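Below you will find one chain, with nothing else, as structure tokens; this is the form predicted alone, and questions on how it binds or moves follow later.
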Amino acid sequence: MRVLILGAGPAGLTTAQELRALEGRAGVQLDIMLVSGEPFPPYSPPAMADHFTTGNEASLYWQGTDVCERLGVDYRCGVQVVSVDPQTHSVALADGSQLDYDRLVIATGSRLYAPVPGYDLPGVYNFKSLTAARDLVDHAGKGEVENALIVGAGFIGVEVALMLRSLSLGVAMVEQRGWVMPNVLDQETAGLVLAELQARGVEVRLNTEVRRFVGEDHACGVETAAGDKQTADAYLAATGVKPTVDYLDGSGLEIDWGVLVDRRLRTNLPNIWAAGDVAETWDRQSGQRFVHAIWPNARAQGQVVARDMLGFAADYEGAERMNSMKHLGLPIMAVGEMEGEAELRWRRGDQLRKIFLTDGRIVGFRLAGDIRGAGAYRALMLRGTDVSDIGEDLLDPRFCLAGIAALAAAPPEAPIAA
């Protein structure tokens, strides 16, 4: 059976690894091909900041540069997918070649973008791509880029800003909302992040709406809603991520924001699955369709796709909102919702703990400075455990974390200890 996987990110590579691990049990022999538009071995996008800051390649090439050779996977890199034809079970590539498949996995990921005109102009960099990121870093190394303007102060934008500062670039961020990381953090927690950014020399311009990137053949500035023009040597669009689905036009696949899938991550067409940032699944708590473009979700989805393809039980439990900041200097953990019917709060200096509750159950939490207990809180949240009897003791990082962990590990029907 010939399996074609489009995309070599965490979802695509995990699918290939899981297929190889299970093919013996399934009693099949698989011919697996992995296709990537990037001219590199499979790499980890979240590790790019660390790579450019330290030169470390071990975390970037997280499974080793020879992973495809070890897996016996045919790896086609540095070539873009142009179209998919489910009728003929074929995929057309930009070099004019065509690939056939028996089973197809769409795992082409996402890219940074800003929903304003001109975001796709040359000179507007996409830091979800190692090629684009290296291009910017190379220009900076040659002295051709001394300052950068980032449109959007979301999670990825903040990570990129810190990385560029570590390379001694001047960095300004423009954010439409009144606080940084507005889709991830409440205003109080965001205030701690803002203080750290400013301490690192990042200029943050809040309450500033960008109408468009200015330029004909190359970006030369941004125009704000106030009518002024702000300029830099390089620009980054970082208000969100957009699934890479343009090449699927005319394929017959159902696409909304991402590729729509069912509980097995199957698309509406037979023998085609989707996983990772490109797949529109659903939120684990709310049940609403969403694209949660984070590493753990991509890995979990790759495993589900492989198991389902080989006939093993593989219902996907749903994606979740979960982010952690690694390069800020101040540890930040954001999981689930950032509001609820009730809020538990504790703060001392730059240490802040917030737990949001609805019906006595954790629906989200934000930790800053001291993130102990995050794993236990998350387990309690996902299980829907009633924590009413614990009350504000939950906020104390010294309070019986082992006990909370035991409660999280207990069978769902176990009573809550007083």
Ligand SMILES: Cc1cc2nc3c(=O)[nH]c(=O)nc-3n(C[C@H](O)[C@H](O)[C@H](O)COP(=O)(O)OP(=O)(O)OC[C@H]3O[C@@H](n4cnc5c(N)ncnc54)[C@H](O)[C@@H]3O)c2cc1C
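Keep in mind it's a predicted model, so treat the numbers as computed, not measured. Note that residue numbering follows the sequence shown and begins at 1.
The following text describes the form predicted in complex with the named molecule, which does not appear among the structures shown.
Look at 214-222, 74-82, 303-311, 182-190: in the predicted bound form, residues with non-hydrogen atoms within 4.5 angstroms of the named molecule sit in 74-82. Among Asn268, Ser324, Gln198, Ser166, the residue placing a heavy atom within 4.5 Å of the named molecule in the predicted bound form is Ser324. Contact annotation: of the candidates Pro115, Gly178, Pro296, Gly329, the single residue with a non-hydrogen atom within 4.5 angstroms of the named molecule in the predicted bound form is Pro296. At a distance of at most 4.5 angstroms from the named molecule in the predicted bound form, none of the three residues Phe52, Gly152 and Ala237 contributes a non-hydrogen atom. The named molecule is not drawn, but in the predicted bound form it has a heavy atom within 4.5 Å of Glu159. Under a 4.5 angstroms non-hydrogen atom cutoff, the named molecule in the predicted bound form lacks Val105 among its neighbouring residues. Interface residue remark: Tyr119 is not counted as part of the site for the named molecule in the predicted bound form, having no heavy atom within 4.5 Å.
Residue contact with the named molecule in the predicted bound form: Val3 places no heavy atom within 4.5 Å of it. Residues of 3-28 that come within 4.5 Å of the named molecule in the predicted bound form, judged by any heavy atom, are Gly7, Ala8, Gly9, Pro10, Ala11, Gly12 in sequence order.
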